[in-house]
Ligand code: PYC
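Single chain ahead, written as structure tokens, the form predicted alone.
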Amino acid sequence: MIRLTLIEARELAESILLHNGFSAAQAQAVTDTVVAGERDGCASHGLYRVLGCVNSLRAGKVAANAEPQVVDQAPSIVRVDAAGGFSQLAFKAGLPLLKEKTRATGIAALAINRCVHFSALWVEIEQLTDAGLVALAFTPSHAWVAPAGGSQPVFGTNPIAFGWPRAGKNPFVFDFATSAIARGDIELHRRAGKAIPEGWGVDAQGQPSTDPNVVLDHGAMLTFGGHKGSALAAMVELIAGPLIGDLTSAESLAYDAGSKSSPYHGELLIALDPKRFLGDAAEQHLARAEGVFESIQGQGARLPSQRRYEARLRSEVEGVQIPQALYNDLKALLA
């Protein structure tokens, strides 16, 4: 393992992206996200993702110098055309207007179109909870996941994220794929030559498989919770695809044309302002919500993201560790 300070991790990621032709704005936005993933112990969404960013560029599937265009679509709707660039910079461009509209109307949505997406959603969710807003986010991906009862890929990993602000405390945030596991975790098992647990995927005949190569290259991933996860995955396809005029996971995979690049589609974020919903009573009711969290933790149960926050505190002091093989692959991108 190679240990890096967070500053070294940032410098490594940003230098690779700049060296390979990304604009300073794109490189900085992507670096913020991958370093946050590594910092919070989410290796599948950390520095490893830089490899995919460069691969997508070399395949011609991401615009290195894309400049997002913000559109004031409606009183409660913001659209951002990512122009074929990464979703991170598009989100950054649309965030100020999203917050303004949410505070004015109580609820607003941000639709990001024509973006390349590779990251976890909690990085964006936390920027909304930091502003005192409740938030949800949805995005499809490539068609890698079979519906419940099926064997052929239809859905993406189709994550759903939610955030709730908490005064003086880390926000309550969950961010999970509607697939049984994030695809990046299966890819990390493949890199390490390790079998995956049964229940993560099937082979081309729909039979359970623990071979990551079989699942990734010939079979399909599975949803979590059977038909329940499958229904949620379908919901994400619809509200973050046709509803915002963007691609489904199947259409994204067709656009990829075998290049194995990051997915190209859209993203939907919804923000809600407790102060507009509740007026002067907002503080009172947000305090009541703390009782829910106390009842969970009071019996020894863990809140979502608790381990991430713990990893964040450690990383800020100790830095992060990545496998030597990954470090070598990253350094090779600077050659």
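Sequential numbering from 1, following the sequence displayed. None of the values given here were measured: they were computed from a predicted structure.
What follows is about the form predicted together with the named molecule, which we do not show.
Heavy atoms within 4.5 Å of the named molecule in the predicted bound form are found in one stretch of 97 to 105, 250 to 258, 182 to 190, 209 to 217, which is 182 to 190.
Among the residues G163, G201, P263, G85, the one placing a heavy atom within 4.5 Å of the named molecule in the predicted bound form is P263. For a residue to qualify, one of its non-hydrogen atoms must sit within 4.5 Å of the named molecule in the predicted bound form; none of R10, R312 and S315 qualifies. A residue is said to contact a partner when one of its heavy atoms sits within 4.5 Å of a partner heavy atom; T223 fails this definition for the named molecule in the predicted bound form, lying far away. Taking the partner from elsewhere, R79 is found to have every heavy atom lying beyond 4.5 Å of the named molecule in the predicted bound form. H117 belongs to the set of residues with a heavy atom inside 4.5 Å of the named molecule in the predicted bound form. Among residues of the shown chain, R49 is one whose heavy atoms approach the named molecule to within 4.5 Å in the predicted bound form. If you take 144 to 159 and check each residue for a heavy atom within 4.5 Å of the named molecule in the predicted bound form, you get W144, T157, in sequence order.
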